[in-house]
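First, one chain by itself in structure tokens, the form predicted alone.
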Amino acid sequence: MASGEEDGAVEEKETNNKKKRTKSAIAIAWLTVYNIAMTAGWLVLAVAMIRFYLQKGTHRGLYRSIARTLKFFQTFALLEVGHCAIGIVRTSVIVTGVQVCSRIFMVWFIASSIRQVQNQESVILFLVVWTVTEITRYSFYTFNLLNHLPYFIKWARYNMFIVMYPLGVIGELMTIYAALPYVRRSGMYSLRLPNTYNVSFDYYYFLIIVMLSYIPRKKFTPIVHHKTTLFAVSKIISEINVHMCKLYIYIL
């Protein structure tokens, strides 16, 4: 009787292990396909940007030419939040969600919504940074899943952020800052009182708060050391302080 129970327990354990292996294989296959697709997508964006600049000789109009492809692949990255939520990727859902949603916000609610900023150099700056970063990141994940990780991709993954991170932050901050006058004049996405919902929302001040949210990031402080970068950041921060003072007066 005891032997039969032991055999049953062993069979159940083996069945569970097979199910786990099957789920793991399916997860790896899906993640591999996903990362290959995202690598290809960002490569398409890189080629499109290079081709546009070679043909036109200017960055003006570049964003508009790639906007549809950019919005598709950046929004498609929401799947990464789902990967974390169901446990096939061991990363915080909150951290991944914030990272992905901040990118989507920049694409849909800043660059695509406010046409006046699309030709700003800062937009091209964060686009180039995003493209290089994502090609490196997704190719790293792909080769890692295939157990064949080239050294230069591994090196790029863990070293390029020293340059790319502050440049990306500066590009995003300067783009939001450039959008402020247009947002204030148009009143876009703002809700004024009185209204049916008895709620007030000012997109202009919301963007200022978004800009302030960039400052406490710990990763940004130790790697921003060049004088030009410090000058750009200090200028933006000083302008933010002016706007915050105006906000304080406005509230009073």
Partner chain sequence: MKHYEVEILDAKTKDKLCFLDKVEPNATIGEIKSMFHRSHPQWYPARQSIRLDPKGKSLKDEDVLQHLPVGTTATFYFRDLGAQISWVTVFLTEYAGPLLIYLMFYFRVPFIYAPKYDFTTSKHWVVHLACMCHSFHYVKRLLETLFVHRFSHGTMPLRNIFKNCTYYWGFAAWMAYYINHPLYTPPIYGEQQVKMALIIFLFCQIGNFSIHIALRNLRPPGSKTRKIPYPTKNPFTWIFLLVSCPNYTYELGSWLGFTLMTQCLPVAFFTLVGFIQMTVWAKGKHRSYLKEFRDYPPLRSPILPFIL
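Quick caveat, the model's predicted, so the values are computed rather than measured. Numbering follows the first chain given and starts at 1.
Another form, the form predicted together with the partner chain, is not on view; read the next lines as being about it.
Asks: Is there any non-hydrogen atom of N198 lying within 4.5 Å of the partner chain in the predicted bound form?
Replies: Result yes; N198 sits at the interface with the partner chain in the predicted bound form.
Asks: Give a yes or no for P194: in the predicted bound form, does one of its heavy atoms lie within 4.5 Å of a heavy atom belonging to the partner chain?
Replies: Yes, P194 is a contact residue.
Asks: Specify the contacting stretch among 199-207, 182-190, 25-33, 46-54, defined as having any heavy atom within 4.5 Å of the partner chain in the predicted bound form.
Replies: Comparing against the partner chain in the predicted bound form, the contact stretch is 199-207.
Asks: Taking the partner chain in the predicted bound form, which residues of 79-100 have any heavy atom within 4.5 Å of it?
Replies: Residues within 4.5 Å: none.
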